[in-house]
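Single chain ahead, by itself, as structure tokens, in the form predicted alone.
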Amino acid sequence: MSRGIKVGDMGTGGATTVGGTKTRIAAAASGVVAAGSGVAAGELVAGFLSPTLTPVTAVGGWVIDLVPPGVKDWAIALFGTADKAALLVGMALVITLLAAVAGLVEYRWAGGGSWLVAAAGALGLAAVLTRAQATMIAPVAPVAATVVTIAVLRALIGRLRVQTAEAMAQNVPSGNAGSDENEARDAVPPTTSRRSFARAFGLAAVLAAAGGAVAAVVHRAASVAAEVRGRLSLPTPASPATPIPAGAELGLEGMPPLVTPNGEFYRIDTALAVPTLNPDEWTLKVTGMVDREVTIDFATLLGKPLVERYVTIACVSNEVGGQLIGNARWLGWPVRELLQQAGPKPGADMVLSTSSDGFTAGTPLEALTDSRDALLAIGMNGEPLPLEHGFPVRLVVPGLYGFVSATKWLTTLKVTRFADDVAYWTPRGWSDHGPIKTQSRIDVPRAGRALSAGTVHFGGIAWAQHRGIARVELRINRGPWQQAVLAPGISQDTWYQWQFSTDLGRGDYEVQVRATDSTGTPQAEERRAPAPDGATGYHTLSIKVG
């Protein structure tokens, strides 16, 4: 159909070749609008039928599972707690590109783009079916998304073809045109198809945007968890947290708070969308190598003698000097008491905890049955767990990195053996045991801040959960180690603040910090990446004093 004839395209007044740039742009845009309509339809249907699992979150979770560990580490190092937002943006870009290609293919070969959409829909359906949250009706959403995308794509491309035929009929002299062009000229009223395409395109775009907005509202409304959490009153702990010692928070300007506010607490997990569990329907089952299986519901858990403890938890992906660590006051029931009811059998050495979204963590049985305050946590800093931090129940285990202990949205505890079961991260290159390494960090002064000659104040935090910190030291320009002032810790399961002041003249300085735990073991100097069992090395700060 492309004959080098100049026409005005889509009523813009610009001239282009029939089937040229403007037509290709219109075809690609039609694919994008069609995909937007389909995504909105799929999310809307999921909002009513399976709010905990949508086509987008299913595909995103599938991508997270398939991505090599090195890529995950790179993403966390680059984006930190915004890694999920970055993934969603990346998915949106890929979907847009593929949708544009589908539009172009559909325009050139009728039905070709529809087959591409159908193939993408099949992948979406497979992703939904492989997720732990999949229900009998969950597949309806990706099917609906595929059907709507194909229908809108074919409708828009069909109108675009008619518009192109009209343009050719209006601009090719009848004596020189072939029979196809003459028939198109006679059959299509001038400007009718152009307006028809523009209206259809605009309507589809508006409906896609509106559908997406309505889907977001439906998903929020479908979250019974948020409603129940909002009216939940936490029980008074039978064993309150130890009061914070005087002087534990040094008050040095620029230091992080001793207790991390919930809204600032780091979040690293594999859930692209926050699972929303109705606590009225939630149960936790203990199974596996036990004398008796035990099931507990949320109401029963609330009635247990709960304990409240300050515990610092950290992500194994935390780089030296990183921010993926936080300290909170947790309320919960000791896990050892629930496991005692079940009666672990001889030979068991691991508890495989499972989240509602299918994530698993393998925790040494000893860490859940010894004297440490390993909790089935329901509260965080005096309020019910935030949805994104595991509501209604999560695990908190002092002394272990989160990838082997901090399962959120907890549903199952399987008593087993490391030789028989593996957790989510183990086959992806991480260790099966994750004791937290002794670490320290310089928070004050900030890197790049202008400093004046004279007394310079340094400050930061150090941690060695379940061992405690005995000493923090600094050295400047690789000189001798000098002891910092160590504030009293809340407990050996939390981080400690430290401060060091010294006089510095003008010049460039390298400052390093190291901590020593209560066993007398200093942190390792060798710089190592987080994989497979946590980063090591001295946090180093370069400053300029003027």
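When you see a residue number, it is the position in the sequence shown, counting from 1. Keep in mind that this is a model prediction, so the values were computed, not measured.
What comes next is about the form predicted in complex with a small molecule, which is not displayed.
(message) Counting any heavy atom within 4.5 Å as contact, can you tell me which stretch out of 141-149, 200-208, 405-413, 243-251 lines the small molecule in the model of the complex?
(response) In short, 405-413.
(message) in the model of the complex, is there a heavy atom of the small molecule that lies within 4.5 Å of any heavy atom of residue 437, even though the partner is absent here?
(response) Flag for residue 437 set to no.
(message) My question is simply whether residue 84 lines the interface with the small molecule in the model of the complex - judged by any non-hydrogen atom within 4.5 Å.
(response) Taking the distances in the model of the complex, the answer for residue 84 is no, it never comes within 4.5 Å of the small molecule.
(request) Give a yes or no for residue 268: in the model of the complex, does one of its heavy atoms lie within 4.5 Å of a heavy atom belonging to the small molecule? (result) Taking the distances in the model of the complex, the answer for residue 268 is yes, it comes within 4.5 Å of the small molecule.
(message) I'd like to know whether residue 333 contacts the small molecule in the model of the complex, with contact meaning heavy atoms within 4.5 angstroms.
(response) Contact with the small molecule, no.
(message) Just to be sure I understand the contacts: of 394, 161, 329, 229, which is the one whose heavy atoms reach within 4.5 angstroms of the small molecule in the model of the complex?
(response) None of the other options qualify; the answer is 394.
(request) With the small molecule left out of view, choose which of 315, 156, 306, 462 has a non-hydrogen atom within 4.5 angstroms of it in the model of the complex. (result) So the residue touching the small molecule in the model of the complex, by this definition, is 315.
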